[in-house]
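Next up: a single chain in structure tokens, the form predicted alone.
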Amino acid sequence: MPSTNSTPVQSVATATSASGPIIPGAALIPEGSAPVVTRERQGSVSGFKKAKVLKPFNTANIKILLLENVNETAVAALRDQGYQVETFAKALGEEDLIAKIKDVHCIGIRSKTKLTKKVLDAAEKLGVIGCFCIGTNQVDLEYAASKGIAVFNSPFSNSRSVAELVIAEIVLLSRQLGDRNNEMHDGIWSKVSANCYEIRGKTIGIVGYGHIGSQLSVLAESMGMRVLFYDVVPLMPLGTSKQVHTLSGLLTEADFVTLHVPETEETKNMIGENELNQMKQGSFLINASRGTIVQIPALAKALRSGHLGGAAVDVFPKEPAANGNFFESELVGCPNTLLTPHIGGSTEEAQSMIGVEVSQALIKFINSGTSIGAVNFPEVDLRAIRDDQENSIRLCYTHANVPGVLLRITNILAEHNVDKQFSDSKGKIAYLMADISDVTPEQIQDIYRLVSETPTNIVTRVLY
């Protein structure tokens, strides 16, 4: 069979036929393998039915690369599946990364590793990426999707840690504790109360009312603060918080402005000199979202002039790739300014939960094709094939999102019993999953061949 950007029936993911080489950007599972895919138990009217354990490949052949000291909960979960797992405590430079990623089927990273087009082109077998953090801007998401590579992240697990850090920073700023601490370490005793305040009764303005912003809202209200928030979509306020309709409306009212938005074209440089000038005299700015959201020179100017009473910044436009004496910023030396090295989600609890959340998403995608939670990929899932369903397979088909594809697939499967199927699209990519019963080994080969040879094919996988 001629080589295609797809996988043979013997694999659970995109490898090649016995006569062909591994195709760049295709394979999750190497050629000529065999056991272990787990599926969740599913309920039925008559009770629980045991899920079939699919065995299309040898999990020991799955190679996974984990960088940046990914939490041990993820390492253990992936090794429990039988995968080969290699770990590194730090991010790799581009050339080292290109050499390492060549033959891995899955890579796990945090915020420092950059998965660019050049790096992804070197990943001959890569099928899925796990970002063990909230952000995914370190990955070329669109290009990854075009190669059939799904990307998963952890949008929820560190929300509490970030929210608690912001509460701590609000108290520290309102009491100027950062400056007092530095003075004491320099041997200076400076007991003052001027411009030091309780946070009770003050107004916090939250920009971005998602998982972190909403948790912060609850914590702030419990400490007696008045809560305003601004978001681009109407949202249900928690407690007595109130949504304002414009960013300007929030900036002019809040004593503390805290930012919790993703990095997009709309949010880059969102807070500049104009926005800072709209903030109240002596108010405070906190950025624990993305480093490109705030224009650093404008913030430094507002702090040194005394217009702002202080700031806390945990993220920066350019951040060192490793720990060490590398940090430089115009904010260094600004009064009542707390600078932290992107540690908003860096707690033991958050990293443990992130490890669990992302590793489970990777396992489900590798073992059963489930793409729920992928950030760059259509989200598709099917209930498990039951243990008593003999001679059943699952077809996972990633393809170009163009007219006529489903008609072709319907014609290919017309003579077979399709138990269930689901298809979804995202931008230029579409993903179809179908469970087909009562098929012989020869029919499985035919289905795989016909689907993988369609002109719109990106990745074809058959699980059985």
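Since the structure is predicted, the reported quantities are computational estimates derived from the model, not experimental observations. Quick note: we count residues from 1 along the sequence shown, nothing fancier.
There is another form of the same protein, the form predicted in complex with a small molecule; it is not shown, and what comes next is about it.
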Legend entry - in the predicted bound form, the one of P378, G135, G373, G178 near the small molecule [non-hydrogen atom within 4.5 angstroms]: G135
Legend entry - in the predicted bound form, the residue from T203, Q360, S111, N336 that sits within 4.5 Å of the small molecule by heavy atoms: S111
Legend entry - Listed range touching the small molecule, judged in the predicted bound form by heavy atoms within 4.5 Å, from 75 to 83, 361 to 369, 178 to 186, 127 to 135: 127 to 135
Legend entry - Close approach of R290 to the small molecule in the predicted bound form, 4.5 Å, heavy atom: yes
Legend entry - Contact flag, S146 vs the small molecule in the predicted bound form, heavy atom cut 4.5 Å: no
Legend entry - in the predicted bound form, S392 touching the small molecule (heavy atom, 4.5 Å): no
Inset, instruction - Give a yes/no on whether D435 approaches the small molecule to within 4.5 Å in the predicted bound form, heavy atoms considered. - result: no
